[in-house]
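Here you get one chain, nothing else, as structure tokens; it is the form predicted alone.
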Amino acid sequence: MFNSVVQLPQDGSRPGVENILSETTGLNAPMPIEADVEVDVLVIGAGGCGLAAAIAAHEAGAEVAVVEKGNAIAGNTSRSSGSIPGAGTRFQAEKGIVDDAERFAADLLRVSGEHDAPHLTRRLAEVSAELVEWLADTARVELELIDTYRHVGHSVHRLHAPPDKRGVTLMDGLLREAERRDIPVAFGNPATSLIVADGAVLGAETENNQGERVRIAGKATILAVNGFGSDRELVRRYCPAAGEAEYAGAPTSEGEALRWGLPLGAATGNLGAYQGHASLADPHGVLVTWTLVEKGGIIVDSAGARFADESIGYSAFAEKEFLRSGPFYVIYDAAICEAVAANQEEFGKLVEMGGALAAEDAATLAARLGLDAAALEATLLAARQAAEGTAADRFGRTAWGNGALGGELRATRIVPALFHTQGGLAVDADARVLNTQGRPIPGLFAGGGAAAGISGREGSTGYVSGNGLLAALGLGLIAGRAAAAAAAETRREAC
């Protein structure tokens, strides 16, 4: 269990700590605190949000430090496909795609419905093009527009990703830029509590990899600690539909933002929302790209039958699977398998590991999967007729990608999983954490999974592809700039 906060005495004293440094709170009068290190901006968490925030704050002239409890890059950004939505980018213009923030926000709200943070939907849509180009130009991350497929929820091609479509590649680029800027990133150094005086956050108490306590003073502190997906108690409380689901996200997503923020009086938003993923390879444990479905694949249950419209997307479809008993299978053809394996490295590796079972026809595939042959043949026939337009799909699916499945078939056994939570602390358009009266908590910012997301109020159906990285990297960029500005203002007030 995490400590909530460290409350300092009113005189700022704390016996037994050496290296006393003087710092101001950013309030009306100076408040000395005891610390081992002081910086302008302290970032807690070295995932996509944290590193983007650190780079943005450094670019704005702040002295920055990052602490990370994991021993290496291992957050949810690294586990993603690295796909970031941007509306109105130069990459889109080069492909002749017309897009803007207003259209993007409308797409997001159409899928999410009403929720607790519509101002973030608008703000993130507005900053999305700048974010993508900032990542490419300032953070020096290699990105390209994905125009071979368009994930659910987007009315135009607007996802941008590294060429290999791996989140770890995106993270490697961000870490290289942080190192180039000499931003200290301390792995294996968990923050154990926030330092608070008179309601203002003044930094954090951490533990170094020798087990020693280190108190870091910051004029501004950014929570980039992700959500609470790996804390089963919190998931059951806030996201009960996914309470018993397999968890496929970062194990370090343990809910510190809530544990630290709530005792400070922080407000929260959209705590019931989460991103599910309908296709975690079983038993391989890797995410199976939804591109298989978008190109025409289908999902069947243990009876060999479809049970919902797969085109609603991997997150929304996961909720359909949570309501049923598995196993489940994604079925596609050899042409889809070959095309996706050639363009998506992770899926190519899965194929190499034997994760794409091959069969020359439906009867052979059914036998190899242990399914009823007649049922599977009837399912594939109905799907073919719907894809060809000769019969309406009973589940309402109209998007069939490459068309009807043909030739040799392929199948991958899958299970649904919780990937990451989409609710958290309430923040304003500058990523400042808000209290229950709607006022900013001095010195505290949040982004990514630590902050309220934009994927609806509850469940997995409001998630649009890229929402997680948009909130992580977009709010990271916003928080880094705002925190640097707040730190500069504190310095001016102290003069």
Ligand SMILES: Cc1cc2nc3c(=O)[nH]c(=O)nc-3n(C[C@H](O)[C@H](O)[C@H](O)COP(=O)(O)OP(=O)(O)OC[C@H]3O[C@@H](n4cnc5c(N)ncnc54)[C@H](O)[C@@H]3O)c2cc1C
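One-based numbering along the sequence shown. Given the structure is predicted, the values throughout are model-derived calculations rather than measurements.
Just so you know, the form predicted in complex with the named molecule exists too; it's not on screen, but the next bit is about it.
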Worksheet item: Within 4.5 Å of the named molecule in the predicted bound form: all of Ala74, Asn189 and Glu256, by heavy atom?
Response: yes
Worksheet item: Counting only non-hydrogen atoms and a 4.5 angstroms cut-off, does Ala224 reach the named molecule in the predicted bound form?
Response: yes
Practice prompt. Mark Arg410 yes when one of its heavy atoms lies within 4.5 Å of a heavy atom of the named molecule in the predicted bound form, and no otherwise.
Written response: no
Practice prompt. Indicate whether the named molecule has at least one heavy atom within 4.5 Å of a heavy atom of Gly466 in the predicted bound form.
Written response: yes
Discussion item. Does any part of Ser83 reach within 4.5 Å of the named molecule in the predicted bound form? Heavy atoms only, please.
Written reply: yes
Worksheet entry | Contact residue in the predicted bound form, chosen from Gly249, Gly153, Gly88, Gly173 - any heavy atom within 4.5 Å of the named molecule | Gly249
Worksheet item: Which pick from Phe104, Phe317, Trp260, Phe228 sits with a heavy atom within 4.5 Å of the named molecule in the predicted bound form?
Response: Trp260
Worksheet item: in the predicted bound form, which of the stretches 75 to 83, 137 to 145, 294 to 302, 233 to 241 has residues with heavy atoms within 4.5 Å of the named molecule?
Response: 75 to 83
Worksheet item: For 58 to 74: residues with a non-hydrogen atom within 4.5 angstroms of the named molecule in the predicted bound form?
Response: Val67, Glu68, Lys69, Gly70, Ala74
